Every structure is written in C-alpha cells, then in structure tokens.
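For reference, the chain that follows is the form predicted on its own, supplied as structure tokens.
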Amino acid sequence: MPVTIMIGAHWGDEGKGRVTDELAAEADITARFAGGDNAGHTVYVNGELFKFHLLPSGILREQIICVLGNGMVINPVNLLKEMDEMAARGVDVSPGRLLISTRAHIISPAHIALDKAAEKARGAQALGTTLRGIGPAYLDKAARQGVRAGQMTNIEDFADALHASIERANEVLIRQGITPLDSHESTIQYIEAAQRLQPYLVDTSVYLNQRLKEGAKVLAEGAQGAMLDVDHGDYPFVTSSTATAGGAIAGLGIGPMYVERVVGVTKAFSSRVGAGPMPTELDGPIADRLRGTGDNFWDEYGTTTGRQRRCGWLDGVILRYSAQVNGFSELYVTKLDVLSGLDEVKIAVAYEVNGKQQDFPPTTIRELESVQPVYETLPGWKEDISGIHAASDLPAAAHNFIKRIASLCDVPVKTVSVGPARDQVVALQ
C-alpha cells in the first residue's frame, strides 16, 4: 500500500520539512493536503537553506511530482512568488512537476483584510494567527461562497468572484471603522497570477488515484500539527483545517485502503508559536537553551512569522494523545542534538487535573490551561552527537530517552535527527 502520511505531533514546527525531504527520496509524489502559506517548512541541503510555505518540501527531489491538494487554501500571488524564488535557485517548478487542485480554495485580499481585522478586534484574546487569511478563506469555503482554484481557468469569472468576495468583506470592514479595499487595485496581481497558473490546474484527485493504481508511492505532507487540528486540537487556539492524518484522505481525495504508514514527527522537546495552552512551557535558562540565540536558522524562531517560539520539556501526554488520534505507525524524533550537554532531561508523563492524575489532555481549554505536568527525570548526556550516523554510537542515556518516548505512546521511534543537514540522521530500526 503506497501512501505514507507524515504528521506533526504537537503544535507545528516539529521539523516536518526536513523529514518530508528525507521520506521523499523513496516517493514518486509529495502532496500537501491542508492549510496554506501559514505553514513554514525548512530544508537544509548541501549548505543551502530552503524555506517553503506552499510548495511541498519534496520539490527539492528531482524525481518528485508535487501536488497542492483540494484541502488547501492557496494565495496565488504568494505561490508564484515562492515558485519564482525556487526557479531562480535552479529548482524545476514547471507544470510537469507541480499540480494544483482545481478544487483547492483561493485566499483573496478580502480574507487577509478580514483576518487582520478579526485579530485586532480580539485584542488581548487574539489567537496569534499568521494573518495570512487562512481562517476567513476556510470560513467562506464552509459557507459555500468561496472561490475555487479551478475558476482561474476563466479570467472574467475569476475576477467577478474576487470582486464579490471583496465587496462582502468591505461591508464588514466599514462596520468596524476600517478603510475598505479597492476591489480593482486588490485584484490586479491575482488576475496576473491566475493567467500564469492556468497550466498547473488539474483534477488532482483523479491524477492521484490513477497513479496509485499504477503503483506510485505518495507522501502526504502534513502542515501545522495535530494539536492545531480544528477538531482535535486545543480549540479555539487552532488552525481552520484538519491537520491530523484523517485530513490527508479528504484533502487529497484518495481512499484509506492506500495508506501504508503514518509517521509522527516530534522534537525531543516541545515548542509552540502564538497563543494557547502549553503545559510544559519553561522560562529561564533551560528555555533559552532549548530555543537558541536566533543566530542560527536551526534555532526556535518561526519560519513563517519569525516569532520566538515558546519552549519546554517534551510533553508526553500530548504525544500520547496525538499518537492515538493519528494512528502513528512510527515516530521520527528531531533535534535530539539540542539536548546534548544537559545533566538531566525531563518528559511530562501525565497531567494533574483537579488533584487527580490523567494520561490524556482534558477536552476543555479552562482545564488544559490549569493542568500541572507530572515529570519524569532521566539522565542527560554530555557527548556531542551531531556527527553520529550509527545507532550503536549514540550515548546510552540518549537511547534510554528515546525508548521512554516510544513506551509512553506505544509507538516505535525509528529515526532521530542530530542536526539540520540531510546526512545528520540516525536510523534506529
């Protein structure tokens, strides 16, 4: 069964881009199935740094066909900007390599304006969105008044649909005392983008199913993380799409019978960008140690927003829950090297909620914000592991840490990364 689904196990920023790049070496197709340019995936290859927001990270593998699936929301102007940047660096982004679902929805200038207005109106209760128009685009999709990518094949109809979207948004903006958008000026770039993107538009569900029947291997690249899933995350501090494994099926238009593996990606510690509960969040020297100085791209600063990430010990409760919701068949642990040099490392193995311990996170935000993590302390290791390639060379304490992660969620850890480069990987099984 030729589909591998790759999912972030926490709140995003787990290192999915480099994992996608690695898994894509054995795939024929990589496909994004949810989200938009609120995603930020970073890949480091041969001394070069690549940052992706809409393009699947597998685009760096020459044999790969990349798909933007129907479950995505796409800003065509930003997509073209990213494509042009990659083309300037020698990456093939021709219609033969990149396919855009005609059923994907378009993020319009109206959605971006509404996103910014909504966050401003929330004030201190702001959700910390990326302000890319993601939520309003999905809202229009659910309200059956969205603009689909397939409409770009008819420029006049596409322009009319954009104009209607902007006029609806302007009514809201005016009520909030915000200067309305100029519908003509706002759509010029979009119309130009639509003309350039027409050759890329395909019924990707038909394409994927046909390729799967022929035996092609498909890697479904998740964006964000399981705890940002609109149903299973810590609502309302979530994204507006399905970021769990189930979203890959609906977001690509394929059947579950094709799925062979579900790879969960987790860092060796936890991090989060933006608002929302984070039970293991730390302040002080350990948090600074985990986060880094910001001088290195491998440090904990958001690829999309540039915001400093909140950091803390690995949350095993969230990881256990994520494994259950996604049905992980294996785990990939990134940034194990960041823990090198610590005398001890900790994992939250349970939560204390209202005086009682529990193994899974509570379902209400009020309770989740008040939980106390129950930590298990393990010996650290002093050795620099960034140059290790064989599992047998990892320190015993690192092995014990990895085994504890696996036992907490009853999922084997098959791979760990010990640095950002392609070859800084250790296969355990």
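Predicted model only: the values in this text are computed from it and were never measured. One-based numbering along the sequence shown.
If you look for the form predicted together with a small molecule, you will not find it shown, but the lines that follow are about it.
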Scan A275, V91, A164, V77 and let me know which has any heavy atom within 4.5 Å of the small molecule in the predicted complex.
A275
Just to confirm, with a 4.5 Å cut-off on non-hydrogen atoms, which of L139, I178, I188, L131 contacts the small molecule in the predicted complex?
L131
Looking at 354-362, 77-85, 221-229, 188-196, which stretch has residues with any non-hydrogen atom within 4.5 Å of the small molecule in the predicted complex?
221-229
At 4.5 Å between heavy atoms, is A39 in contact with the small molecule in the predicted complex?
yes
Do L127 and the small molecule come within 4.5 Å of each other in the predicted complex, heavy atoms counted?
yes
Heavy atoms within 4.5 Å of the small molecule in the predicted complex: does T239 have any?
yes
Does D21 make contact with the small molecule in the predicted complex, using a 4.5 Å heavy atom cut-off?
no
